[in-house]
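Laid out below as structure tokens are two forms of one and the same protein chain, each shown alone and named structure 1 and structure 2.
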Structure 1
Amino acid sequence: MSAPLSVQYDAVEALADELATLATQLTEEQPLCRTAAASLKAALLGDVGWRSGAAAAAWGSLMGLIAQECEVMAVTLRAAVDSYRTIDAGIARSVLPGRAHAGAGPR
């Protein structure tokens, strides 16, 4: 037998908001990483400069990827909450007192 699932919609929406904010912040940091990569390559000569610049550029790319995933998760969580709230509202309307039941079925 599976356990009942309980979700606090407001908490999930708050998490979605935090993820969207994080996505924005990470996206804003990407240009700084690119600038740092160029500065490191120029300031440090040879292999050390190249490796440092490459690391900063890779970090910027990683931040972009994480930002995209945070945004996708935020959108997904909001859609899930909207869907569950719509379903809950439909169930609530169907069990209002004085309303004829449309049909027998599991609840």
Structure 2
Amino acid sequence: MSAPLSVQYDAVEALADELATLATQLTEEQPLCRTAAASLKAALLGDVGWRSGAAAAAWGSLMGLIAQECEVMAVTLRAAVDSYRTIDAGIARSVLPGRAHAGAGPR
């Protein structure tokens, strides 16, 4: 037996919204990390400043990657809902002429 397929558009879009919100909030962490990196580099001269600043900068890069993936998933979920809607509408259109034709027969 094939697996059931169902989708609640609003619910999936709500999940997409949550992922998009997360993406935005995670993106906002990046400047904080970059500022921290610059501060560390400036405040600790030499290799210590460079290394610690680089670590902080890497934090920002990691936040950025997670934020990007959140956004990708949000877009994917929205695209899935759009696809389902489009396919469903297409099927409805292909079914409709037959029904209209059937309805137009002798009574």
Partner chain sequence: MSAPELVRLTAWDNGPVRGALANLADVAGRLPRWRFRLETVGRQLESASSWSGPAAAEAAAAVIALATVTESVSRACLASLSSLDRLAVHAAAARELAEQALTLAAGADVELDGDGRLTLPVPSPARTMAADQAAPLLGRATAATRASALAVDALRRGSDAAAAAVAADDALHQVGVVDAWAPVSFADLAFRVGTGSAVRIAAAPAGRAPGAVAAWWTSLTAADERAAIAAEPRLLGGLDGVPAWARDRANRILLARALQDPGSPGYDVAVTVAGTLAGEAAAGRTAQLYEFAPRDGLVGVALGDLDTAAAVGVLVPGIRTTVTDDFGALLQDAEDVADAACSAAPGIAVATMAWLGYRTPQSLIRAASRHDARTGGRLLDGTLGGLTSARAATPVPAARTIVLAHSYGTLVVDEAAHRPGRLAADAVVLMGSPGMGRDGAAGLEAPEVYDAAGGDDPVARLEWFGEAPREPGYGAIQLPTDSETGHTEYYDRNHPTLAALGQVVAGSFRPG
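All of these numbers come straight from a predicted model, not from anything done at the bench. Each form is matched to the other, and the largest set of C-alpha atoms that superpose within 1.5 Å is called the rigid core. Sequence positions of structure 1, starting at 1, serve as the residue numbers.
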* Decide which single structure shows the form predicted together with its partner chain, answering 1 or 2. => 2
* Structure fact -> Here the smaller rigid part turns relative to the larger between structure 1 and structure 2; that angle in degrees is 25
* Give me the C-alpha shift of residue 38 between structure 1 and structure 2, core superposed, in Å. => 6.4
* Asked: So if we fit the rigid core, how much does the CA of residue 51 shift between structure 1 and structure 2, in Å?
  -> 9.4
